[in-house]
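Taking the form predicted on its own, here's one chain by itself in structure tokens.
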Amino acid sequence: MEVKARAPGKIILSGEQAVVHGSTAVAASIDLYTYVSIKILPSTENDDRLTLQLKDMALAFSWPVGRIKESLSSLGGPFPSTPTSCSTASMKLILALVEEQNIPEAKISLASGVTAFLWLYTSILGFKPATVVVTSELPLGSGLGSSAALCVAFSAALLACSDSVNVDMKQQGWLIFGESELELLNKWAFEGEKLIHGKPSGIDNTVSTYGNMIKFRSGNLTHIKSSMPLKMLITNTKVGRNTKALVAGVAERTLRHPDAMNSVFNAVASISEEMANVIQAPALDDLSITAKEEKLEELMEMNQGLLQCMGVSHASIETVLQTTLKYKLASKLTGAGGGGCVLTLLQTLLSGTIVHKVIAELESCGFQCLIAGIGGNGAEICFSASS
């Protein structure tokens, strides 16, 4: 039996950066996925191995199951129904296993993801031999929640292989977990995210797990759902950014100009609240859909202006904004800023010819363009007979 799981990436529609200062933000899933497949292998005395293949990078890591058990058996488990944080002592043991793989220096950033995989695998399934394959439609490190989608997909596939969730293995196609299973899945994914990011907010894994959209402020999450399909052009500038430095820069500007920046944060909160209301408002015909999309465009443009006030734009982002503006399309950065990705709302009645022209112009600048539906399903699994 092969178990497959997929988990979506995410975007921030409104409120990034300001959310750290108490503003409201709105995030949504996108229909670009990370996929994980697991084949549990029959145990043999000679060559029991756990193999992780990262197909997109042509990399594979493999450990004798006996070696893993020798290193980690003192941790107890598996304990699939009890999401548990990786202790400092456990982390050292897992890091030793990761270091044995001699990850190329150019790919060393992958080490934290491999560490998360080993913790999730041994915690949920124990020491079973298996082949795990990962593929993804999400660019890495671009602010689209690729690490969270990886942790969610890992956790979904592993839990489906365990006895801790109730799923119908005979049903065809992609299946959605029940509410209690999603809660368990989200908690495990968060533990994986902590191994990758240290102190994540939990927003990315929550959006990837549950899908749709969420509104969040000061740790409080509210699930929301669009009354109509939304589609975005996502432009990856391919410019790396230092999130910690960008957040620190906003904080320093706030210290220098507290009144002005507080007004900016309050304005962002108002935009996010209005955006959530617009998204959920009924759209009964083409006219009302167009009106909603025009409101969303205005709110995106206003949010982008405030992000510029915070000092987190970038020359590459401005190039995208100027390009899409020529075609009367509204755009804003998503995530930390300083590079990363830019969102452009594609209206329902927008000509496909215009979309192709915009993409061609952006790609001529060296950017990567992706088109994604917004607010779809979260984590899903399916089963197939092993070939």
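Remember, predicted model here, so these are calculated numbers, not experimental data. Sequential numbering from 1, following the sequence displayed. Take the two forms, find the largest set of C-alpha atoms that superpose within 1.5 Å, and that set is the rigid core.
The same protein also exists as the form predicted in complex with a small molecule; that form is not shown, yet it is the one meant from here on.
Engineer: Have a look at 225-233, 102-110, 282-290, 268-276 and name the one stretch with heavy atoms inside 4.5 Å of the small molecule in the predicted complex.
Structural biologist: Among the listed stretches, the partner-contacting one is 102-110.
Engineer: Can any non-hydrogen atom of Ala260 be found within 4.5 angstroms of the small molecule in the predicted complex?
Structural biologist: No, Ala260 sits far enough from the small molecule in the predicted complex that none of its heavy atoms falls within 4.5 Å.
Engineer: Please determine whether Met91 contacts the small molecule in the predicted complex, using a 4.5 Å cut-off between heavy atoms.
Structural biologist: Contact with the small molecule, no.
Engineer: Is Pro139 close to the small molecule in the predicted complex, meaning a heavy atom pair under 4.5 Å apart or at it?
Structural biologist: Answer yes; at least one heavy atom of Pro139 falls within 4.5 Å of the small molecule in the predicted complex.
Engineer: Any of the heavy atoms of Lys238 lying within 4.5 Å of the small molecule in the predicted complex?
Structural biologist: Answer no; every heavy atom of Lys238 is more than 4.5 Å from the small molecule in the predicted complex.
Engineer: Could you spot which one of Thr122, Ser146, Asn186, Ser316 gets a heavy atom to within 4.5 Å of the small molecule in the predicted complex?
Structural biologist: Checked against the cut-off, the match is Ser146.
Engineer: Only one of Thr84, Ser81, Ser162, Asn242 comes within 4.5 Å of the small molecule in the predicted complex by heavy atoms, so just point that one out.
Structural biologist: Only one listed residue qualifies here, and that residue is Asn242.
Engineer: Is the shift of Leu333 between the shown form and the other one large enough to count as movement, that is, does its C-alpha move by 2 Å or more after the core is superposed?
Structural biologist: Yes, the C-alpha moves 2 Å or more.
Engineer: So that I can tell if Val312 moves, could you say whether its C-alpha shifts by at least 2 Å between the shown form and the other one after the core superposition?
Structural biologist: Superposed on the core, Val312 moves its C-alpha 2 Å or more between the shown form and the other one.
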